[in-house]
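In the structure tokens that follow, the same protein chain appears in two forms, which are kept apart as structure 1 and structure 2.
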Structure 1
């Protein structure tokens, strides 16, 4: 039977071949002989093109009735503008009812405050209040314009000059908001096609600046110089042909607010010079804090400030003001005045805040004992907290940000954070000590483990430090015992 079927198919193919090869199946068009095969293939092509040109949906011949329209509208469910609210998002932070000094009022009771980065204790300082009052009387509250459009006031120029003089740099530039300094300065210098090597623990302001620059971003392990060198070496080898047209940067924090660790700037500068990169250093938490006179990480590591290409800092920490600044060479500063979005398009810093920053630097210059008191408080609390059950100190010993992490993580970042928030909540309710966890928003892509942060101030007394240490030991032991 199989043989008979094969014979029939062969016979049919033979007849079809003869039909297509017959003279009647051939034609001559413009002198070109077209066989039956070409005719059939051309016909199929026309059919395919016709089908492709037809609409996939034909509207109904009659218009929809009002009821049909209403039914379609009732069935349509628009996408939510925001993600669903989870339990983690339903968090209300404590509300201060006083200034955020070493002691504050929360819910009507006095607490010892370790949640504010008031490193030098300048919040509520008499001289700062007097300078702000006189500035408000002279200039008013705001500037009502960007720096390039009648927003520049003489006190802005005085503040820029004072910062540059204090740090020993040629020039500096003021920004209206601390975070905008970082995510405006980075895109002003780094563009698409450039390469930025950044520490994986940098804060969100730097992360956003890296994103806005559209540069190629390479992260190295937190404060790991071997990881940094490996990243630099790989980039140099893979991009040797583009070296002349490509700008390359190393971006680090002097004092990481996500870990409390201090960057080894001397080693970073050596790698920078070896592989020919530029360095952008954020001194937001180290300005006014590190070094024997508070000039930051360059003084702390004994590195000449001109070795660093760009230095940025927020003024809302040690100086107890607001805004930020970038300092460096005159060319670096002048470039930002026309190309940095946060400077060009934002209303300039309120004059009284610029005056407060100048006064704060003057006080620091005249009172070096403030740094000695801060360092003594840092060493004392670091030592006291080194024996807390279930927690370990992850920060550097000279860091005024004491960072506590779980000795035995649960394996889930959410569970770790929930456990730490329980400790922080009980510290406030039972011990009247306010601290914070390193809780991050959905925008923050920091890869470091979560922990509890205590910001030490020169205004804290020895009894404040002992109370905090005893309270944390007591509450942590209780929480871990319940687990």
Structure 2
């Protein structure tokens, strides 16, 4: 067996050698000797080329079949549109049957109203009502168009000029709703890549504007200048390379509606100049209130108004109108006329409200003693309320929003709120005084403690203030005695 195998192999080998050495194998092509080994190499080359040309193995793609998609669509169960209604959602606010002045009528009874931000007492003022009536008769109610398409009425332009003249800025722009002012102005100036340092107690309008602008947001502790300085220092150190192109802003409110604190503007301006940031100031609750002629926080802190880059305010507070405005340099205002979405894509302010704002500013200019009265009321109530059992005053002394906080918080915001709502509803039912608890929407990121707010007006008399203080003392004592 082995021998025959060896013989066969030898024969095959001998034959192969002969074949390779045969004259045909020794062909001469172009003067090059072709040996037999070249055939083997040629064969190898062919095998390699064949393998390379094969497609590599990929697992086959299997898109979902029609039936599978239908099954998935049938199986899918969406969440219900709204979560189930709980008991807290059944809250009903008091319904007024008259105007929201210092004395109002609720359920047929007369009550003392501390729930309207009517700081100068303009609600029900005859001059205001007269000018609004003539505006309604001339222009109708609505303006029927956005500012770019025949919705600009001459009262709008007059109002913008009046506000700019009152504050001493080059120009101003009117918005048709107070809440939309901030959340349209911020995205026009701050985009992705810019940095904004904001106070943690700013209201929802500002928070929404910051979110829509997609910039980097850094919050600092409420009204704490050291925390602000640390944040600014950190940002400048981390971003020194992009200083030329990156816009940096500090956003604060002049008078915070979530806590009644006043921002220290002079220190903020010092920090701003040191670290090269721009300041956006929301003066909704301080315009027409602070400063000896009502020009706002800049006058109160003795800061020249051109040091603040952008000032916005809602007119639904001291001016007893609606809408909002923004003032600053001409470049800032002109830019907003085309890139601020709440200005371009929305109908303009009804003309009678613009006329109301002009009249309100005129009355304020002529009667600065209203501010003195408001100040006197504020300090009186502040003094009276410093001795309420269980509640302490947490707002600044000059702020017309008096903010009462629990001396001993229960630990959970919900329970705190229940207690405070109890106090407020008893104040209305038993003592006929309307006050307000701070309400937080589910979208609001602010985590400041909740409390009771009282809005003081220049129209309140001393007896109103004393009555309010007495009532709060009585009701608070009985509520805290129960629990």
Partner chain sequence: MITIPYLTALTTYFSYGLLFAFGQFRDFFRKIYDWWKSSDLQGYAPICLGLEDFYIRRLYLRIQDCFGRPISSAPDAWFDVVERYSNDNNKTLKRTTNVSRCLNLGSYNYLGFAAADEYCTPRVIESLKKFSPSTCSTRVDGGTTSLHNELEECVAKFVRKPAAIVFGMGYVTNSAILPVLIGKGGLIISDSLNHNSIVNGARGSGATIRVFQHNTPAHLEKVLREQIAEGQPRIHRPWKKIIVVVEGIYSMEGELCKLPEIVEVCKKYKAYVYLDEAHSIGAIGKSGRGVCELLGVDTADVDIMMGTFTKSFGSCGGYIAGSKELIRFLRYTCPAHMYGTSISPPAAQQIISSLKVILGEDGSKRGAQKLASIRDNSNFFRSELQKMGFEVLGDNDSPIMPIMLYNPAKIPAFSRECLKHNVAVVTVAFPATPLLLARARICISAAHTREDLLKALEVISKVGDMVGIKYMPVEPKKLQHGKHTKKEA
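Just so it is clear, the structure is predicted and the values come from calculations on it, not from any experiment. Take the two forms, find the largest set of C-alpha atoms that superpose within 1.5 Å, and that set is the rigid core. Numbering follows the first chain given and starts at 1.
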| item | value |
| --- | --- |
| Either 1 or 2, the form predicted in complex with its partner chain | 2 |
| Angstrom shift of the Cα atom of residue 48 between structures 1 and 2 (superposition on rigid core) | 24.7 |
